[in-house]
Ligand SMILES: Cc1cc2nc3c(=O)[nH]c(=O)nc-3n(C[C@H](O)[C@H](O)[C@H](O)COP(=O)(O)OP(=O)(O)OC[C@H]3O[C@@H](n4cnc5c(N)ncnc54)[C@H](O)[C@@H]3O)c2cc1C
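Quick heads-up: it's one chain on its own, the form predicted alone, in structure tokens.
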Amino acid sequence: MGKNNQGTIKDIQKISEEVYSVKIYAPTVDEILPGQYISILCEGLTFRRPFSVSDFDNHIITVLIKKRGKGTEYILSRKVGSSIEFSAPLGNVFSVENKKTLLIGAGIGAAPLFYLNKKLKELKVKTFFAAGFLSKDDIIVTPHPTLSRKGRGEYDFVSTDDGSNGNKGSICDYLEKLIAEFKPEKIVSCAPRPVLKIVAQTAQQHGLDCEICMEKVMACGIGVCRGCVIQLMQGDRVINKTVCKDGPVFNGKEVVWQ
């Protein structure tokens, strides 16, 4: 379990129509790994709000926040230089290994894949980062400008539901094409559950390793309230696991997709 930390807001930038990049200076945090998350204390609210880490470098934590309710409104109303309390690091991690990796994100689910992609590239692992959004206004600008490719940000492929960026449709519509052209050894995805289900099942059909990062409403953050339970198949039996404590990263082949 992560410990409580005091940090300082270093920067808040709008990076899409509804998403903001928030950088927090965290002197007491020495390490956060791809896949892990932090949980921020919001004034006047009982439960902390969890956010995937999209980058961590030299005690600077970057999280991507979509304005949704009182918690996110509170965080985004903070001024640069103000203090903020959070728990970190939380959750388990992606497997960083030397396997040709196809990254599949959708919407705000792309957040933790930025950090994973950065780490894989540092290790010279071949990656292909594909992401889907509702429209061009919703495309999340990369928080790693040094990795930008001709204005497309960090992505190698982007689709939008309305076709406003040129590739019309869900990112799931292009899965087979991406697998055929990139020929990955592994697929990693973070997205809404319907997308994760298709990604995991497609990976299994192709005999590919698959890791998924689950999006789920998480309240307590320690697996006690059981509000984020999912089912996994282990051997011949179904077991319950919590996304906040046992995840958020799981083997896509083990998740029971109902």
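Model, not experiment: these values are computed from the prediction. The first residue of the shown sequence is 1; numbering continues from there.
A second form of this protein, the form predicted together with the ligand, is not displayed here; the remarks below concern that form.
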Ok, 195, 61, 218, 210: which has a heavy atom sitting within 4.5 Å of the ligand in the predicted complex?
-> 218
Which one of 175, 158, 187, 111 is close to the ligand in the predicted complex, taking close to mean a heavy atom within 4.5 Å?
-> 111
Give a yes/no on whether residue 32 approaches the ligand to within 4.5 Å in the predicted complex, heavy atoms considered.
-> no
Can residue 65 be called a contact residue for the ligand in the predicted complex at 4.5 Å between heavy atoms?
-> yes
Contact of residue 27 with the ligand in the predicted complex (heavy atom, 4.5 Å) | no
Evaluate residue 70 for contact with the ligand in the predicted complex, applying a 4.5 angstroms cut-off between non-hydrogen atoms, and reply yes or no.
-> yes
Which of 127-135, 163-171, 71-79, 95-103 has heavy atoms within 4.5 Å of the ligand in the predicted complex?
-> 71-79
